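Okay, so we've got the same protein chain twice, two forms, each given alone as structure tokens, structure 1 and structure 2.
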Structure 1
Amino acid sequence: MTAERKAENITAVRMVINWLGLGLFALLGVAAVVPLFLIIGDVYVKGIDAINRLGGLWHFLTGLPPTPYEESGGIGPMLVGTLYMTVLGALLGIAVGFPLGVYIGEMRREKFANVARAGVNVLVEFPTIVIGLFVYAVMSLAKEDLNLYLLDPLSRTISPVGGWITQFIGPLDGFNAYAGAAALSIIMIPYVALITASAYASIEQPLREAAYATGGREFNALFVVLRKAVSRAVLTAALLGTAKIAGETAPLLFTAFGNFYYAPFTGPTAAVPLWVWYAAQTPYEVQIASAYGAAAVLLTIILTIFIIARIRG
């Protein structure tokens, strides 16, 4: 009987340890997401207030940023720059990332595919500032000759089309939107590639064989028939990748550089994250407020894309 009692006591103690231990794990797990709510709350509370104070939503979305001595202002140029660079970067990222993902996902028996896979794995974890510096280095190496041999003649040829085109095409400055988009695309490529690869890798063998049997050429099998099996995962990857690069700051520091005004994309280009980075560190209350407003706008864009991706995915 005493043995029975002892066993019961041990069980009771273990149950207590069980609840304490699970409670600790749960506490740690919750601690990982609590800051998310604090940050979102902070950004929206201060951000919405700032947008109202700086002249309302429409003015904020289109106006020029406030100088330290102004009462109102917006993030118009930043929004335009972010949209332009994000769309370009995302398109390029998907254009290269998707076939790359097919390669490392489908040709796993190839030695070089494994080298490429290792490369992708390394690149997806790379510090983003390093990628920005890389594009900067390439840009400063290529800029002069690029302008001299290609872009000057080109812009002279196409100038009759109209003045608007010089906003997009023309001799490049050291900092420009295309360098920014290139840096963003290098961040996006491995992201899309890895998800595409795992989607292709998880296709079941019978389906793959059927695709090869009905698809005829390998191209049709991979890109037409099997596309249906992976399109959802790839779309999710594209959306989440876009959300990711839309908020990137470090790779834009030395590529797009930032600007206060609406300006040609061939020169220094503004971006919302760059403005948050810059304005938050100024000592001026009005600019800090605009940084919060900009953060609220940026967060809204990213949350929207994220939620769409989750609902579709």
Structure 2
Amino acid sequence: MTAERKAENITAVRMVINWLGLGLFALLGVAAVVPLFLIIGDVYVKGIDAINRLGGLWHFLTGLPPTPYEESGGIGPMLVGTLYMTVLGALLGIAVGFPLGVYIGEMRREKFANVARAGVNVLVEFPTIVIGLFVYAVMSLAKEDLNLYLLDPLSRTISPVGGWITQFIGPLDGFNAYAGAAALSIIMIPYVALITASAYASIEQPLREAAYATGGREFNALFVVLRKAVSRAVLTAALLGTAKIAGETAPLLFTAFGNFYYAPFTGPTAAVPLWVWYAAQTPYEVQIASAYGAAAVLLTIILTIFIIARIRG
């Protein structure tokens, strides 16, 4: 056999092995994606059917949850509570996570920056239920003093504005929306910090030097000039972190606790994940159906955020 013939055979074998490897990778990719689509499909098929049976989309999004003896109901209080706590938690998570990420990314040679990076890496893997317990413990210790010295005087001062203000500001109960938002913000902080740190660390040195030259002070260079260079990555981090906390259940069990009615955010507050967790355990068909509908609504919110993050990223 000539050398050319051997080379052709070797090339053919390599091509076969290459195609077999690519086919195996494709098969593994399909195997990883199929369960996800099956879950999403099951939630939407049963969820949309449940929403239609429970009174239609508008009634489902605004009505009170069904009791075991009703044939219709909704997730109005839960949806409002989830949106309120998610927005507050996301704002606080970004306010803390972004500057922390800038510090870790820009001052990565400092010892304390390495400690901070290790801390946020640990926090990413931390059980969220433990974070809920931590916030619950802090709230239990601080609630009386917080109400006595801050919230009681503040609520009396702003009471002339109108009774509606008491829905948001007033003495806190042991369980409240603000404790839930605090727990969600702690969960979100490491996601924002790590993505922001990676974005700042990836900035090329000439661009960084130009930013310091044109920005003047270090604050302007970091938070004004260089921020524009990584704005898409920071926005993606914020959206992904928001999607993460929107579906959290465990930390809210010890902070927001849950509610079945529209109520002030200073007391126990409803949330869609809490209702799904509760209703799915009941033996009543109407509440199980409501749980499927709530899961479909929550999944839509999270997928929408992920799609926006993907487009913007």
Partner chain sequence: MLGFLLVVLLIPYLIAAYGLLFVKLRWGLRLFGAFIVATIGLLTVMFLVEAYPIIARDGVAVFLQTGWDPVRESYGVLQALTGTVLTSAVAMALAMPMALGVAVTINEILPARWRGVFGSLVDLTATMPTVIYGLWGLFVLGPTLQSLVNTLARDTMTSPYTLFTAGVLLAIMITPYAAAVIREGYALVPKPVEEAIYAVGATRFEAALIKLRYVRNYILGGFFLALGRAMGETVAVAMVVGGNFVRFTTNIFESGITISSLIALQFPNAASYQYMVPALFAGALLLTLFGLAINAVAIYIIQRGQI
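Here, rigid core means the biggest group of C-alpha atoms that superpose within 1.5 Å across both forms. Each residue is numbered by where it sits in the sequence of structure 1, with counting from 1. Everything numeric in this text was worked out from a predicted model, so none of it was measured.
Asker: Between 1 and 2, where do we have the form predicted alone?
Answerer: Number 2 is right.
Asker: Comparing the forms between the two structures, identify which of P35, T67, P206, R109 marks the hinge between the two rigid parts.
Answerer: So the residue sitting at the hinge would be P35.
Asker: Can you give the angle, in degrees, through which the smaller rigid part turns between the two structures?
Answerer: Relative rotation between the two structures amounts to 16 degrees.
Asker: If I align on the rigid core, how far apart are the two C-alpha positions of W19 between the two structures? Answer in Å.
Answerer: For W19, the C-alpha ends up 6.7 Å from its position in the other form.
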